[in-house]
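Next up: just one chain, as structure tokens, the form predicted on its own.
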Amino acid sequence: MTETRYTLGGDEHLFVELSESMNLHAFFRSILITQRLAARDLPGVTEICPANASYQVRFDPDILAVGDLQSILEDIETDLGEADARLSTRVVEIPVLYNDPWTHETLMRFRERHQDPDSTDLEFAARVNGYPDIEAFIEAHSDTPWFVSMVGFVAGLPFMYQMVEQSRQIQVPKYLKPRTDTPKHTVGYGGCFSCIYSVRGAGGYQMFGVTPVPIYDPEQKNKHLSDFMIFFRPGDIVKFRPIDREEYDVILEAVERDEYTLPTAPVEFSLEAFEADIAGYPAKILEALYGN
């Protein structure tokens, strides 16, 4: 696709496709455009939803004509141009118990729906991506940061894109047939996206582990959810940290007492700098979280 595509969704939604391919550049532009639209606080715009290489705007046609809205969005995209785009965001560390007992029990119940019933999800993912064992695969999954390209599908679920060279990106197909059960807080994988299941429910992504940290809670019982019931925002940068069962239990108990603090640091992300040094720039981003 060489031109942005605008499509009406009924009388109140304008759907905008920036690219037919999944890539960081398209995700980034979606976030920047929707941020700039939100900053204008236009009368008639009631909801803005960035997504993977696209976004959708809900509007009141009695207040804002769709043609006027499209013209505004075209102007915003033109203003972005090809100049270096920067995003004020944050980098977050998410602890993960890989190869945990709960996703293992679940995946074993649904082996008939999997491409390889004789392997676990981690074993299958390691093999199709050319890793010698699940330990090497876990290291590859957790060693580099991930860019949150959108939040949705179910409330609070982040879709995350690996910030590495294309040749190193993990790719794993979804289950042949979706499961009817997935444990809450499962770290999953489908296509080129990692995710965290915010609630228990159906799902088709491969299951790698679980995090003890809640990312969605309508009751907002934890301090990292005090501002909003959904933790992740498009543009967040995530670093997974492997933990063992003992640390998982310790963190879970701290979460229940509201004494756990998610390691988080503000960061300025430059798309131009990342694309100029895909191998080295993510390490600089992580310095905001871990120091030199």
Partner chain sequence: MAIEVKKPGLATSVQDQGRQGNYHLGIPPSGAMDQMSFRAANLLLGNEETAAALECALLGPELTFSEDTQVAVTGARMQPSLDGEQKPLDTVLDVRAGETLAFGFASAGARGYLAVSGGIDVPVVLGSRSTYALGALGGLHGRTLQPGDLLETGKPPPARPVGKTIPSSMQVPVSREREIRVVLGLYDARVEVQSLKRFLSEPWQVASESDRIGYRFKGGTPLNFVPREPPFGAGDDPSNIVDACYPIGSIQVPSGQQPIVLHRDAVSGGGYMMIGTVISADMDVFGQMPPNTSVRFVDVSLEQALQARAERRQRLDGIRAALRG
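Computed from a predicted structure; not experimentally measured. Residue numbers count along the first chain shown, from 1.
There is another form of the same protein, the form predicted together with its partner chain; it is not shown, and what comes next is about it.
Student: Using a 4.5 Å cut on heavy atoms, which of Val255, Ile230, Leu42, Leu32 is close to its partner chain in the model of the complex?
Tutor: None of the other options qualify; the answer is Ile230.
Student: Would you kindly say which of Val128, Ile76, Val199, Met163 lies with a heavy atom within 4.5 Å of its partner chain in the model of the complex?
Tutor: Contact with its partner chain in the model of the complex is made by Val199 alone.
Student: Tell me, yes or no, whether Val154 is in contact with its partner chain in the model of the complex, where a contact means a heavy atom of each within 4.5 Å.
Tutor: The answer is yes: Val154 has a heavy atom within 4.5 Å of its partner chain.
Student: Does any part of Met150 reach within 4.5 Å of its partner chain in the model of the complex? Heavy atoms only, please.
Tutor: Taking the distances in the model of the complex, the answer for Met150 is yes, it comes within 4.5 Å of its partner chain.
Student: Does any heavy atom of Tyr216 come within 4.5 Å of a heavy atom of its partner chain in the model of the complex?
Tutor: So Tyr216 counts as contacting its partner chain.
Student: Against its partner chain in the model of the complex, would Gln169 count as a contact residue? Criterion: heavy atoms within 4.5 Å.
Tutor: Residue-level check for Gln169: yes, a contact with its partner chain.
Student: Within 4.5 Å of its partner chain in the model of the complex - does that hold for a heavy atom of every one of Tyr98, Phe137 and Phe208?
Tutor: No, the candidate spot makes no contact with its partner chain.
Student: So which stretch, 68 to 76, 155 to 163, 137 to 145, 106 to 114, is the one near its partner chain in the model of the complex (non-hydrogen atoms, 4.5 Å)?
Tutor: Stretch 155 to 163 is the one.
Student: Going by its partner chain in the model of the complex, which residues of 5 to 27 come within 4.5 Å of it through any heavy atom?
Tutor: Going through 5 to 27 in order - heavy atoms within 4.5 Å of its partner chain in the model of the complex - the hits are Arg5, Thr7, Leu8, Gly9, Gly10, Asp11, Glu12, His13, Phe15, Glu17, Glu20, Ser21, Met22.
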